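Here you get one chain, nothing else, as structure tokens; it is the form predicted alone.
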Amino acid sequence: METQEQITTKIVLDSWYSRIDSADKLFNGLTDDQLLQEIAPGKNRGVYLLGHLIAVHDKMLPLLDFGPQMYPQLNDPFLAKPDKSVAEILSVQELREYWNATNVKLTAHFNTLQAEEWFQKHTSVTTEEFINEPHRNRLNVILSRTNHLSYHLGQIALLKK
């Protein structure tokens, strides 16, 4: 019989994988030209949101204690700065490749953890803080990133015509 930790972990990870699958389908269904368009006049372009999501997911590697980021060069143009403030960014094709590689690497690490390991602290919380706030664990990171992804997928879906 599965423990509550195993059941909870499966629910959260199933949600994550479902959103990743939805994102893959959305990105694969949009042309490069569509991703270069603004979501709405004066708003972010799809390519910026793709880069933003890659950077956020890439930062999960060190946050979950899986090792260093693969693409730290994405932090400045896609996290620290707004869209269109950086003269040159990677091509849509390069970003599509980074998206896939980042999520493959996360999945590989996710598959190594036992359910109880998801309830351990992530790296931006101290041991002392974690004692008082045990909800600041690895699984909670997945929950927050799943919600973040869902939010931006709703925006990117507006590019479909």
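In this text the structure is predicted, and so the values were computed from the model without any measurement. In case it trips you up, residue 1 is the first one in the sequence shown, and so on.
Omitted from view is the form predicted in complex with a further copy of the same chain, to which the following refers.
Want to guess which of 121-129, 39-47, 106-114, 59-67 is within 4.5 Å of a further copy of the same chain in the predicted complex, heavy atoms only? Selected stretch: 39-47.
All of 135, 140 and 153 with a heavy atom within 4.5 Å of a further copy of the same chain in the predicted complex: Contact check passed for all of 135, 140 and 153.
Look up in the predicted complex whether residue 10 has a non-hydrogen atom within 4.5 angstroms of a further copy of the same chain, and give yes or no. Taking the distances in the predicted complex, the answer for residue 10 is yes, it comes within 4.5 Å of a further copy of the same chain.
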